[in-house]
Every structure is written in structure tokens, then in C-alpha cells.
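One chain follows as C-alpha cells, the form predicted alone.
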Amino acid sequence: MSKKINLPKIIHDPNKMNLETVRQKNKKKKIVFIPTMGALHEGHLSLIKKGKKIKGLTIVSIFVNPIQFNDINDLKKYPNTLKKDIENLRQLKVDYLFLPNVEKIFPNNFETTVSINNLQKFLCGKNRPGHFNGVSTIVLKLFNIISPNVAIFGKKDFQQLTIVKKMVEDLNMNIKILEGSIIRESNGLAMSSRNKLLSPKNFHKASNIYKGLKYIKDEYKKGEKSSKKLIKKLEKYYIQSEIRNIDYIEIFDPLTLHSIKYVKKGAIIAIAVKIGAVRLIDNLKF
């Protein structure tokens, strides 16, 4: 009678995680990795389901990375639903959960960071200094620990996805980066762990973020190509929708993240806003 194995196998220690992935790769197993900060929602689960189709070993990490937060209160308020997260991973038959603590990842003498010089200057990087250094540093550490063949990231944070791809390319890392689609709530709001922090009133108001992006895409289809005019239309739409605390609205080239004067097919419009105390991002492709 075969022994029943409870999945996921939970590993806390980075060295043990590394030894296990090396052992599995020596057995010719393909390693599929999905990094998360927990508080898993359908967006995360869609990435895991995409990974399961590859027929390798799936590894999910849950680690709330302190060095990518600019605001200590934002870090403290970040949602934690670990018990439910583990149950979701069990239902999807994830093979391993890497669940390290902060001290194991960033000991007191830690002083090395990774910087993607140009791509971090745009969009979220403008008003969140050091954020993407924190992102690229933790992603590189996780890649070094887990040595995946494939890693999967969502498109909601388009800048993060672009930076990870660039880091993998620049550092000659033999890792295939796959993209997962933006998964949305029933009202159109892009799924995010932070959505749990919205009041019912603000959750309803936040649905206008995506409605506004679709409105601008329709204006583009009608013939408006000026980025400046499209952004002005969107700002007006958001003011009418009581969304006033806008961090940025940008229309840009998807490879360079540089703003463009005139919209062309394949360009991206991205937004970051605060609704109440919750910062939300979204994007849409033309």
C-alpha cells in the first residue's frame, strides 16, 4: 500500500529548499515556480493552474518582502491568510510551499541589493524610491534558492514583470518567464491582495478604475491617438467617479516603459490610484 503524501510539502529553510530542488533537478524534474506574498486570490491561483499544466514540480513561495515597502504601515497592514492559502495550495496539488521567515532571507548583516537602473525610473518607481530594488533583490534570491526552469508572474504589475524579464536577460539566467493574465473581480476591479482592505463603498468605487481604462480604449478605437488628450479624458472620467487621488496615468511603450505621444497598437495604459488608504494599480493594452 503506497504511503499517502500530504501536499504541499512546506519548507522554511532556504538551504533545505535549495537542496531539495537540486535533488529534484538531478532526477530530471522540471521546476515551475510561482512567487507570492500570500493572501492568495484567484489571480494567484490562475498562475498556479498555468504552472500545473507544464507537468513539472510546482513550487509556490509565500514571503512578504519588507525591503520593497516604502511605508512601514503598509507593510504592517498587508493581509495574512496563511491557513486559507495552504488549503488552496493543497486543493491545487502544489508540490512545495517555500515559507521562509524574514531573518532567514535578510539576516542582520545583509547588504547586497540588485538595481535595474532605467526601468525602475518610470511608473510606480517615480514615487516609490527603492521599491524595485527590493523587488529585484528578493526575486533574484528566490531564483538562486529554487533554481526554477520556469517562473510565472502576473501582468497586473506590468512594470514588475518587465523588470524581472530584464534581470533574467541581463544576468544570463536560464529561466523562462511566463505571463499570467489579469484576473478581475465581478465588478472589473483587478484582483489584488489589497482588495481585502477596501470598505464595501470603496470596493464599489474602485470598479471605475477598469471602466475608465475601457472607456479610453474605446476612445482610441474611435480615432483619438493623442496620449495627452486620452489621459485628460480619463482624468475627467475619474473625477466624475470620485477617484481623485491619482499617483499616475501613463501611456507607454511596453518594452522601454517610455511615455509615448501618440498611441499605437500594443501600447499600454497604466494607472496607480489610492482609494481610501489602499493603493491600487491596473493596466490595459491597446
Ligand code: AMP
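The first residue of the shown sequence is 1; numbering continues from there. Source: prediction; values computed, not measured.
From this point on, the text means the form predicted together with this ligand, which you will not see here.
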Problem - 4.5 angstroms heavy atom contact with this ligand in the model of the complex for L47 - result: yes
Practice task
Would you check, heavy atoms only and a 4.5 Å threshold, whether K52 touches this ligand in the model of the complex?
Solution key: no
Problem - this ligand contact at G154 in the model of the complex, heavy atom, 4.5 Å - result: yes
Exercise for the section: May I ask you to check whether G56 falls inside a 4.5 Å heavy atom distance of this ligand in the model of the complex? Expected result: no
Practice task
Sort through 120 to 128, 198 to 206, 179 to 187, 136 to 144 and report the only stretch with a non-hydrogen atom within 4.5 Å of this ligand in the model of the complex.
Solution key: 179 to 187
Exercise for the section: Go through L99, I86, M191, I105 and name the one with a heavy atom inside 4.5 Å of this ligand in the model of the complex. Expected result: M191
Handout entry: Contact residue in the model of the complex, chosen from I67, M37, L257, L234 - any heavy atom within 4.5 Å of this ligand
Key = M37
